[in-house]
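A single chain comes next, written as structure tokens; it is the form predicted on its own.
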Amino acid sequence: MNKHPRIYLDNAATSWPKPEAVYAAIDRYQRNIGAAAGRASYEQAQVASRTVEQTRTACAQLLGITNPQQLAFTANGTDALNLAIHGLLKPGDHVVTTVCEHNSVLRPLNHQAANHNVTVTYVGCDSQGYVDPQEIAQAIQPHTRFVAITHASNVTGAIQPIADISRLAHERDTLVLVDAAQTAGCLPLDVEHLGIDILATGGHKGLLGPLGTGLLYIREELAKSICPVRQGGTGTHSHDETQPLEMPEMLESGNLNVPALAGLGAAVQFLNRQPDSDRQALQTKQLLDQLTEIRGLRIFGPRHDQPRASVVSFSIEGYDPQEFASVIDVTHGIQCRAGLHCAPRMHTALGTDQSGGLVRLSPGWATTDEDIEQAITAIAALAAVPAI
């Protein structure tokens, strides 16, 4: 057992701890409600249904979605991306994406390319992880179905210019699918203002909800263009043998994870009550400024004064990334993520794929300034005594 106090700096993977209201909402549902949503008319079942719809409305408001019914709940961000990608694409379609993407985009697209005659173009990025919107525009073809792009890289933290990409894509009659896993709940995000047609995200990262939650937004005019890849009970149109065509039931087959959605609703309410704060940005700046001074350490990604998320990735001489993450956990109780971060093309573009990837620090809503100071001190101490 690690004897050091836990310093959690892996919020880009999942946020921890959750706000106390999240734990309370889940416990309250499990102990006092316990019913499925949309499946009965007795009191507790109605409470479960209201809980789901209240969470849907709160998430829609946070993301700038006018009609909450265009937001479907999913098992996680990967599930949301799969529903969108497999539901939208048809044989002969073309997709433009980037080397910055997570495997949650890369693998479904690879499956479509290998099995359904879909072609994919991968647009590169610069040394900091930014994509040029003009390069995306140039890659669009007459049969391009959509552009799939991450809002912020989970490796470099670079925030992509989504509004510019959307404008250029729409000028070419092409849709825009955004993976907002690293930005939803962390940054102001308005899908309609940014021109996003489809947005997918998990509910457990910046949205501060439990694992097992995800969101998929589909612009209203597109709903009938998506083929549901899962079919089953929805609690509506039960006399029909075919899947309902209305959102969100079209994409919500089977029982929803109501306990987790109760927690997600409490998390979003917590976020809405928080005053605007640049604390995470300041902590990220401190990491960037002070880690840069450590001999043998190299940071990958934008400077603090460029558009970036609270993700700081680095390599350190004398250490394999996985080894460093293990050592700093055992010796100082600092928990971070190392490796390829499920983004192999990003690491290839950075030239870090052959060396095992990078070490990643990602502060969250509960990270203290003391946590950051202790992490910097620990990293400096280990850098002074390399493992090899």
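Start at 1 and count along the sequence shown; that's the residue number. Please read all numbers here as calculations on a predicted model, not as lab measurements.
Keep in mind the form predicted in complex with a small molecule is missing from the figure; the text below concerns it.
- Heavy atoms within 4.5 Å of the small molecule in the model of the complex are found in one stretch of 291-299, 262-270, 200-208, 227-235, which is 200-208.
- Under a 4.5 angstroms non-hydrogen atom cutoff, the small molecule in the model of the complex has Ala12 among its neighbouring residues.
- Shown alone here, Gly77 lies within 4.5 Å of the small molecule in the model of the complex, counting heavy atoms only.
- Although the partner is absent from this view, Ser104 contacts the small molecule in the model of the complex, with a non-hydrogen atom inside 4.5 angstroms.
- Interface membership of Ser310, defined by any non-hydrogen atom within 4.5 Å of the small molecule in the model of the complex, is ruled out.
- Contact annotation for the candidate site: Leu81, Asn154 and Ala181 all lie close to the small molecule in the model of the complex (heavy atom within 4.5 Å).
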